[in-house]
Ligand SMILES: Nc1nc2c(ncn2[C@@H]2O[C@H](COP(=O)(O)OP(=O)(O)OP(=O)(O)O)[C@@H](O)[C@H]2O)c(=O)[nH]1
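Quick heads-up: it's one chain on its own, the form predicted on its own, in structure tokens.
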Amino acid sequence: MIGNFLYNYDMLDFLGKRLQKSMAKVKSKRVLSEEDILRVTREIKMALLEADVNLIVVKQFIKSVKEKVIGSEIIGKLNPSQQMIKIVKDELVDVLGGKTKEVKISGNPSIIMMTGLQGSGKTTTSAKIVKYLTKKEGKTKPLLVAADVYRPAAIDQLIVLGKQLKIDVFSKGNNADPRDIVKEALKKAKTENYDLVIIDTAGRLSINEELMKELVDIKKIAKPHEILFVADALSGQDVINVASTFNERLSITGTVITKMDSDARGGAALSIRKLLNIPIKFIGTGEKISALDLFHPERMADRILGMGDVLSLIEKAEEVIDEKKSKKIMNRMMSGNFNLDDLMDQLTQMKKMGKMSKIIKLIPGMNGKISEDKLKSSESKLILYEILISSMTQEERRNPRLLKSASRKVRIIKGSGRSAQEYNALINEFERMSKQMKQMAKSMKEGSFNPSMLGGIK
């Protein structure tokens, strides 16, 4: 079983649903006419505009799709849908950046400068990137630099995040000059062998010359290997002008789009990549420090078009699932010794993976196949089972036969606050599953295993 991660890209679901609806009309056609192409591209154009993608980007996208569709001579041919979908996907990948662009980790220490307007999520993102790089790139001694002396509580916020991550934060309080803070921080980093420095610079509610001069000075002092612009997915089209100004003065090397789990349409933030040719390097997918993902344009295009994202699913499963524990449980399943303690472990691991509705979207061919109501019902059942099992003793979990006792049943129902009907449903489901596992294990030993047996194990 696989079971808080996943791409919580609610803002891209908005675009995805509309594009998938348009592409479904192509899939249903055995032969495409020029009229069909014009109608579908018109619908795609509206979907992109509704998602707040910049008009220039939309026009370029539609023009390129039309040219390639007509140039590929699929009009009038049988079963042209796959080629049309591939063209749309390729153009979408291009808009999103083509290949994955990772942050440059070089120098000793590696230096990253964080920029953006106030409220974009710079400070939290600084901490998220530290966590990501210590885990993925093996950085062992990072230093966060509190160079935002203007926003109330910015320094305190970074210190709290540093304590949470158990890493050092360099600060000199709200009265110090940010340039002096950066100078002293870098001196400390070199003297004390820090291998990563992330500078959290100040933002403003809007751009002004004083802010830009300060950032230019910090860039000259720090000579960062990366200058990242943090863009809020909730921002409107003005974020493109803001990013353009930052880029002109600082030569931005990448963007981080935050609040991707919000209800924002997010097209404006995504448009920065195409208009300014600045790669998207990370995406913030939630409030937790771990909720930061490397941005993969092709995987994102697959997701938007409802094609799934198996690689991200596997990568996250490897991150959150305890392999040793999973193997142990699998062995117990095959030996017919699976118990409620094992089931509880499985439920816990599934919980780490995130909502079923998010998991399903990453599995090719599954998106839209299971109704939201069924998914919600299944998730509610898992929560219910967890509550009931939590009300059992360790002995009862490991030896489910004890649960035949009426007094134990009454105690568990009372302790969990659930009904007798819900309790019976859990026990019946567990017994059915255990029986199927024993049959499957027996057939494997006898060499008569039939894959259809897996269909009954939920």
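Please read these numbers as outputs of a predicted model, since none were measured by experiment. So that there is no doubt, residue numbering starts at 1 and follows the sequence shown.
Keep in mind that the form predicted in complex with this ligand is missing from the display, and what follows is about it.
Visitor: Answer yes if any heavy atom of Leu117 is within 4.5 Å of a heavy atom of this ligand in the predicted complex; otherwise answer no.
Guide: Flag for Leu117 set to yes.
Visitor: Indicate whether this ligand has at least one heavy atom within 4.5 Å of a heavy atom of Arg151 in the predicted complex.
Guide: Within the cut-off, so yes.
Visitor: Any of the heavy atoms of Asp156 lying within 4.5 Å of this ligand in the predicted complex?
Guide: Answer no; every heavy atom of Asp156 is more than 4.5 Å from this ligand in the predicted complex.
Visitor: With the partner left out here, check for me: in the predicted complex, does some heavy atom of Thr123 sit within 4.5 Å of this ligand?
Guide: Yes, Thr123 lies within 4.5 Å of this ligand in the predicted complex.
Visitor: Would this ligand in the predicted complex be within 4.5 angstroms of a non-hydrogen atom of every residue among Lys128, Lys259 and Gly284?
Guide: Looking in the predicted complex, the three residues Lys128, Lys259 and Gly284 all sit within 4.5 Å of this ligand (heavy atoms).
Visitor: Heavy atoms, 4.5 Å, this ligand in the predicted complex: which of 187 to 195, 251 to 259, 380 to 388, 93 to 101 makes the cut? Say which one.
Guide: Answer to the contact question: 251 to 259.
Visitor: To verify the annotation, which of these, Gly203, Pro178, Pro224, Pro142, has a non-hydrogen atom within 4.5 Å of this ligand in the predicted complex?
Guide: Residue within 4.5 Å of the partner: Gly203.
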